[in-house]
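Just one chain is shown here, as structure tokens, and it is the form predicted alone.
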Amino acid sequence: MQRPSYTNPPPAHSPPLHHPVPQHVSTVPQLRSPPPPAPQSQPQQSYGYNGQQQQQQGGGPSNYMQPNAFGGFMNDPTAQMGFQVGKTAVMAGQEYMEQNFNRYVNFSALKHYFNVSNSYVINKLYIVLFPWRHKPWSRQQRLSHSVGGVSGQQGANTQDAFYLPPREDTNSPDMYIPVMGFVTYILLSTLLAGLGGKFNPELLGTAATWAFLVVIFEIAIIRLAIYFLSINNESQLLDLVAYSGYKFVGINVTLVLSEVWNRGGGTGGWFGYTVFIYTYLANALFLLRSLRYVLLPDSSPNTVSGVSYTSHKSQKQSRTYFLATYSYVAQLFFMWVLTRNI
């Protein structure tokens, strides 16, 4: 196939290119640097943190963001009125809570049971674990002199006695050791489960639930006993609640020694049962000797306050049975449940 020949030869040179010429000339705006900052005597309106600094340095007419603005806020009458209203509301709520909770728990009386010292805690733990040779078990009292009389007559001096706080008397019951023992039992049971490879976040709630149910059930038994045994003194109720928590000391000792001896094998074995029996008997003897002044008071009048504690013979016998049952039977059941639950 042959290419056709052209009659007219191609031009020797190509035509020149023509570029379009703009008809309207546009001016490009000149870029300038920002204006210098205004002098201090002429503040300008601006936004943000820089503007606030300029107003503070320039001393403008507005004092809203001055350095002492927050200090002056409390001097504002509206702020003071709001502060007084909030303070009144908080005080009213606190008073309401105290009035309602005091129906069930006397917080002023609870302060007596938490007045402890380091030496008291050490000595009390020794008595709970080794009560065999401790003497005496009677609580110490302090005399308070009061002056009273009738109009037109000379006042007569009377002596009132009250028990010393735990800080000053080792035989006085406290609630610090029972509360710490309760919390230690929950944490210790979870720790031992974790060391044995059985850790589960639910174990913390399970141990706390079991311990809480045992304490609630024991307090319910104490309340029923107080009702049927005609124990009307509120301090005696708090003493019984405090004594009911000392069993956690023996329980924690049993758990630790058994786990160490059995190398994570639990509280079973002859060593675990031996430690459990010892701590159970020590706790039972401790309760038996400590609760005598609460449930079995002396029939002779109190030489300090002059008040007679004479009770009926059948009532005293009922209290003796309750003391023996509570110290041996009930404590055996509660301690067994709490140690076998691990």
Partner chain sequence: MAFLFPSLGLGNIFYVGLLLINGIAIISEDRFLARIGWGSTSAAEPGFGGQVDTSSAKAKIVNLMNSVRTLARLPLIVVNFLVIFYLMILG
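Positions refer to the first chain, counted from 1. Bear in mind that the values here come from a model prediction, so they are computed numbers and not experimental data.
Below, we turn to the form predicted together with its partner chain, even though it does not appear here.
In terms of contact with its partner chain in the predicted complex, the residue from Q84, S119, N106, S230 that brings a heavy atom within 4.5 Å is S230.
Checking A79, L213, M91, L195 for any heavy atom within 4.5 Å of its partner chain in the predicted complex turns up a single hit: L213. Within 4.5 Å of some heavy atom of its partner chain in the predicted complex lies at least one heavy atom of T209. At a distance threshold of 4.5 angstroms between non-hydrogen atoms, L224 is in contact with its partner chain in the predicted complex. Its partner chain in the predicted complex comes within 4.5 Å of no heavy atom belonging to T274. Looking at S189, you'd find a heavy atom of it within 4.5 angstroms of its partner chain in the predicted complex. Picking from 166 to 174, 201 to 209, 108 to 116, 246 to 254 the stretch near its partner chain in the predicted complex, with a 4.5 Å limit on heavy atoms, gives 201 to 209. Looking at 315 to 340, the residues that come within 4.5 Å of its partner chain in the predicted complex, counting any heavy atom, are Q315, V337, R340.
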